[in-house]
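Okay, here we've got a single chain as structure tokens, the form predicted alone, with questions on binding and movement later.
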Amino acid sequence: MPSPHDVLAPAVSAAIAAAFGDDFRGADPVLRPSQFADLQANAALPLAKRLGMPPRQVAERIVAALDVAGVCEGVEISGPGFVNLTLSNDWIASAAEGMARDGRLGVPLQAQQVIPLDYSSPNVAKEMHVGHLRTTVVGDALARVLEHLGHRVIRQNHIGDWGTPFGMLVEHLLEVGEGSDEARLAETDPNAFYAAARAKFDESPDFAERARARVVALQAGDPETLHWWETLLGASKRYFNRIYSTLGVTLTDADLAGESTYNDDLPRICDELEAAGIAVVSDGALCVFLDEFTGRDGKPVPLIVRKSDGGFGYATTDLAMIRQCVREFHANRIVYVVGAPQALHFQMVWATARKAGWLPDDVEPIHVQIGNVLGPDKKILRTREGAALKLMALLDDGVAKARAYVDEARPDLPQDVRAEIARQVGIGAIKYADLSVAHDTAYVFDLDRMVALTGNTGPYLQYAAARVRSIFRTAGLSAGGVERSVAIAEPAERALALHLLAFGSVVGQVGDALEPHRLCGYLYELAALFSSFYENCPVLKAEGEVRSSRLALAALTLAVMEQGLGLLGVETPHEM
């Protein structure tokens, strides 16, 4: 179902061509919302200079050629040459009816792209902390939106599962015994397991020597060492999956692409770069020096692809991932949902990959930069002891806070129902708070604000959906079974219907710009407009066609709210 913008933009473009010739057919009409009309076309001002005419005269000729019969009830010129377009109530009503009949609610299917999407990326045998929250939540929302738009998303969870720490972790596991309480910490309290292994490594020369030997055995593919490494990996998978299940994200074991995945390819990466003269040995390390990346002294900054001790770092693994995405996945876009401080790293990796011929010009790598989660002191959120806050503890706090609100507001509900609502509200509040701000900006983590039923919060939107459901419960009707006939008479009806029609366009923008906060802003405004509609336009007390029309608008609002929150990964409780 086309949005008002999708209908009017071609009409204005055709009018420009009719008024000034086909050479101007491609001129962008620049349609935007306006306080004076539903849409305002800023076409005259850009064209005036090219045509050598006054902008208002250009606008008059565009309007004279404009054919919007049956769509607009008013076309006016304002200011120096803006064209204000006011849609007719009948067109809005007809478009809303069509949207209600469309199972996709007006969301377009885009030309399919293959999009590897790198997000979450915790480390084996280490606790997931608050720093993993945003990469996981933002990445998962983008995966949902892109798939809904018709793209093939290849989730890539690049867990840290290789390298020197695994020598000490394996040796510690062997010492405590696989079935011991200490061994189970690898799954229940990874940080404690890691800390115990590290303490032995630092305090016992014998243990440290055995750990280093175990690293060599691991890298050489020793079957026994690989078995214990896989045991540790299995414990961490179970831990990760508990987090992902609690958060309600779509990552599975099938999406794991640990550092070990690329291990065999890393020497070839280095050999090819060195053979092509792109990488050179500097101070014992193999480095790529690119003229466009320089330090304060004006000298090129090295991208180290092989360390002086023969080990490999993130740069080498990222280059291997790019080659795989292009050669095996045939990617169109490669999206990395990773912290903002990694921006320079990615720019250097991509430049190196392009120079090596591994990243063609028609494949677009994109860094979705993730800002920090801050505490009340505006510093990175940590425990009182200064440690990174454990993610599971954060989620548990959110659910507990929501349970207190639910117990107070709905003591009439059974315990199990209140527990389920608290889970949906608590987790939804945390996820929505994260998604509702631009992904590259920091935000202050404030549970009291997050679970509030007022303001731009997850619970406010969940409550709005529950409020719509209550209308149909009271009427003894199913939202999916109401008539879809819509008639627009009141201003609040018009504003609600017009906003509903923008849903497909907004979801498309989220997929193009990779910015989930746009959808959050849209849904928040939708909830506010429905509230105004509900207050000014009685639904169940209305009669005849007016009642049917308002029920149809309420049902469409619920469908959009459910689908929109679902694309963000936020559940909608049936009652609150």
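Residue numbers run from 1 along the displayed sequence. This one's a predicted model, so the numbers in the text were calculated from it and none came from an experiment.
One more form of this protein exists, namely the form predicted in complex with a small molecule; it is left out here, but the text below deals with it.
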The stretch from 113-121, 353-361, 486-494, 137-145 that lies within 4.5 Å of the small molecule in the predicted complex, judged by heavy atoms, is 113-121
In this chain shown alone, the residue from V468, A93, M321, A402 with a heavy atom within 4.5 Å of the small molecule in the predicted complex is M321
Could you spot which one of F329, Y463, W228, Y314 gets a heavy atom to within 4.5 Å of the small molecule in the predicted complex? Y314
Identify whether the small molecule in the predicted complex is within 4.5 Å of every residue in the set Y336, Q342 and F346, based on non-hydrogen atoms. yes
4.5 Å heavy atom contact, G160 and the small molecule in the predicted complex: yes
Does the 4.5 Å heavy atom contact test between H132 and the small molecule in the predicted complex come out positive? yes
